[in-house]
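Both blocks below hold the same protein chain, though in two forms, and each is given as structure tokens: structure 1 and structure 2.
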Structure 1
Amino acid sequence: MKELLIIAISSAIVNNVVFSQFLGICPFLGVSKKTDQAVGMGGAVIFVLTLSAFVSELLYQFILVPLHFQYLETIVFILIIAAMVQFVEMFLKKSMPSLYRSLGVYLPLITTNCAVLGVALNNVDKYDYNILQGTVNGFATAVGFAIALILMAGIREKIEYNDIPKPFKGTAIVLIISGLMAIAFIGFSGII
């Protein structure tokens, strides 16, 4: 239990996928304009990343390794992620059409979100996690991504009407804020 808690805290805060590994930057910068969109995207990423980490671990442990097809892991993981994203997309389109429309192109971009693929690959290659550890890592990483997304959306909503010098408006100020947030998250590195 202690080991799972360490994995969760490490993945969500200490080694935040956005601020320490710089994965998932496209949806982070694109969807972080409004808090409600950020919450919706965070929820979708939590679902997709957790489920894809679990299914990827299962397929890797029980199919790819016994058949010595580990070299197919990237292709298999991308197919799993794409299937999960399609499921989320159909669910949101049917049950929450306003959120589906507001997320726009960023919802299908979860498929190509390198954070999702990075977690699946790191679980089996870098960390050599078992199924439970990999699933906890996937969930915690997704929660960390959602935290980063929601924090950035809140800050962007607050600074929208501030007097920012013209050269820093738009993407420039967002990148500066992202850098400052990354520095702040580095402060958590001493926890674990």
Structure 2
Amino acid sequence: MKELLIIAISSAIVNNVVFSQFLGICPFLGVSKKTDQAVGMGGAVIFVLTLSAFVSELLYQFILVPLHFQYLETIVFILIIAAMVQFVEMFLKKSMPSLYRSLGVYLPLITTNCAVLGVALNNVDKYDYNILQGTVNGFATAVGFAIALILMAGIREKIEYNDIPKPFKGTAIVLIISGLMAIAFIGFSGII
């Protein structure tokens, strides 16, 4: 239990997926303009990443390892993620229409989120987690992503009215702000 808690805190805050691992930068820059959009995207990522971490671990441990097909992991994982995003979308549409209305538009964007594939690969290659640890890592990473996204959306709503030098408008200023936030997140590294 203690070990799972350490995994959760370290991947949600200390090794934050955006500020310290540089995964999922594209949606972080793209969908952080409004807070409610950020909340929707964050929710969708938490949902998909937890599920995909679980499924990819399951597939790896019970199919790829026994058959010695580990070298196919990249191909298998990306197809699983793409198929699962579709599946989740259809499932939500049929059984939970209200949740689908709030998350639906963000689901197709998640396939391009490299955090999803990154977590699946890191779970089996870098950390060698078992299924439970891998799922917890997936969930916590997604929570870290949601935190970063929502914080950034809040800041971007404020800076909309600020007088920013012309070349810095748009992506450039968002990157500078991310740099400042990354400094703050380095401060967490003493926790564990």
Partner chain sequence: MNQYTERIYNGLIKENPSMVMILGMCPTLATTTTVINGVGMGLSTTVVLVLANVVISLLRKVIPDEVRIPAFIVVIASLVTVVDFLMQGYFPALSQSLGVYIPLIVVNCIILGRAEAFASKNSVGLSFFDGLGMGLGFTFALAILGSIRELIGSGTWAGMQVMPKAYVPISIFVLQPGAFFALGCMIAVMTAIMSRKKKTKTAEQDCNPADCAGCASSAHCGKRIFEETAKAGLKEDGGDKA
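The term rigid core refers to the most C-alpha atoms you can superpose between the two forms while keeping them within 1.5 Å. Residue numbering: structure 1 sequence, from 1. Given the structure is predicted, the values throughout are model-derived calculations rather than measurements.
One chain, two forms displayed separately, with the form predicted together with the partner chain being the second of them, structure 2. Superposition on the rigid core between structure 1 and structure 2 places the CA atom of Pro165 2 Å or more away from its counterpart. Annotation for Met96: C-alpha shift of 2 angstroms or more between structure 1 and structure 2, rigid core superposed. Superposed on the core, the two forms differ at Phe87, whose C-alpha moves 3.3 Å between structure 1 and structure 2.
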